[in-house]
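Okay, so here's just one chain, in structure tokens, the form predicted alone.
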Amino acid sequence: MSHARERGAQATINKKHLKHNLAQFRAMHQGPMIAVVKADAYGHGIENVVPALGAVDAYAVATIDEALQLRSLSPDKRIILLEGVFNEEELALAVDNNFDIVVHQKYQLALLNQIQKNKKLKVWLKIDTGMNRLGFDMSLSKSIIEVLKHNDLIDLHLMSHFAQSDQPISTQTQQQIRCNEWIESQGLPFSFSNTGAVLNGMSQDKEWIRVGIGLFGISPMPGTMGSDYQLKPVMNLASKVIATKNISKGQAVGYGAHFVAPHDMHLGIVGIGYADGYPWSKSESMSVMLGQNPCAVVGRVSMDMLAIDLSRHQAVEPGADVQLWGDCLPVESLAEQLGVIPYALVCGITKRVKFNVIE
């Protein structure tokens, strides 16, 4: 069998799957939807995904630089700055580019006094209902809401964030829901629910849901896969076998000699490593897919390559395709093996990996 000769580390982004996932969330929630595309669209490449997400009501990112890049791709859609602005220069950029800003600290409230009289700004007041990260305490929120509601230059919205949306019946979540009921009673546009909250049926009919990782076909809930919610993986990370090698029983593989062959083995060396974003780990249970066949990773992952057991696939030659995660191997499954969250894997893809977008 002949294969193209190349190193082959490539992330394929499937826009059809992205649109499918968007439709799934539209079916779950009838109200407005915010697509969270921070961190370069969770490692998928913001320029790759925005053209497929035109049906959302707004985008959200973390930083002003992300927002400016996004504005160049989407001239007209609402863009929400989830961390808000940090100084007068960023406020001016936000106003000039029609960004919505989240306000979660007193210094940001003070910055709002710099708004020019001919500009109206969409502001999301972040209320801390128990996450204890960003936001004003509930005890302060009522007075702040009253002040901002009477500012003619501000179009006020309210926002909070679930800490345990994967555990809807936990004490903390139930306490947050009670706080959210008070927020909803203020009669302003509001946003509480992230991907996990929507998948668990916690979103309110009229709220602006914030969907991030779920758009990319990944479940944030431990022990579940995106496919459990009819979501499809948007990223397939793959590479190629660049070399094959026979070793004898007792020979070690890779740095530190952590793996010693229990029998004669046929190995494949795959052109991807931790410098590409495939994680280094002490785990001895990692595997990749050769077509429909799982193959164990043997020895430690190197910076540029890893070794796999091809003992049952003697005919495999350099150039054969290997999937690291995607359609055949859910990224959630690898994350569980490694004791990390799937976000860390997709967000960790580096610039060495070539991206390929398919419709």
Ligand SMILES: Cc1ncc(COP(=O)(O)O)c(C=O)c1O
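Because the structure is a prediction, the values reported are computed rather than measured. Throughout, we count residues from 1 along the sequence that is shown.
The following text describes the form predicted together with the named molecule, which does not appear among the structures shown.
Participant: When the named molecule is placed as it is in the model of the complex, which of 312 to 320, 48 to 56, 299 to 307, 35 to 43 ends up with heavy atoms within 4.5 Å of it?
Facilitator: So the stretch in question is 35 to 43.
Participant: Scan 77, 161, 240, 104 and let me know which has any heavy atom within 4.5 Å of the named molecule in the model of the complex.
Facilitator: Contact check passes for 161.
Participant: Out of 123, 231, 272, 211, which one falls within 4.5 Å of the named molecule in the model of the complex, going by heavy atoms?
Facilitator: That would be 211.
Participant: Can any non-hydrogen atom of residue 82 be found within 4.5 angstroms of the named molecule in the model of the complex?
Facilitator: Output for residue 82 is yes: heavy atoms within 4.5 Å of the named molecule.
Participant: Would residue 133 show up as a contact with the named molecule in the model of the complex if we use heavy atoms at 4.5 Å?
Facilitator: Contact check for residue 133: yes, within 4.5 Å of the named molecule in the model of the complex.
Participant: Hey, in the model of the complex, does residue 180 get a heavy atom within 4.5 angstroms of the named molecule?
Facilitator: No, no contact at 4.5 Å.
Participant: In the model of the complex, does residue 203 have a heavy atom within 4.5 Å of the named molecule?
Facilitator: Contact with the named molecule, no.
Participant: Just to make sure I understand: among 328 to 349, which residues lie within 4.5 Å of the named molecule in the model of the complex, judging by heavy atoms?
Facilitator: Heavy-atom contacts within 4.5 Å come from 343 alone.
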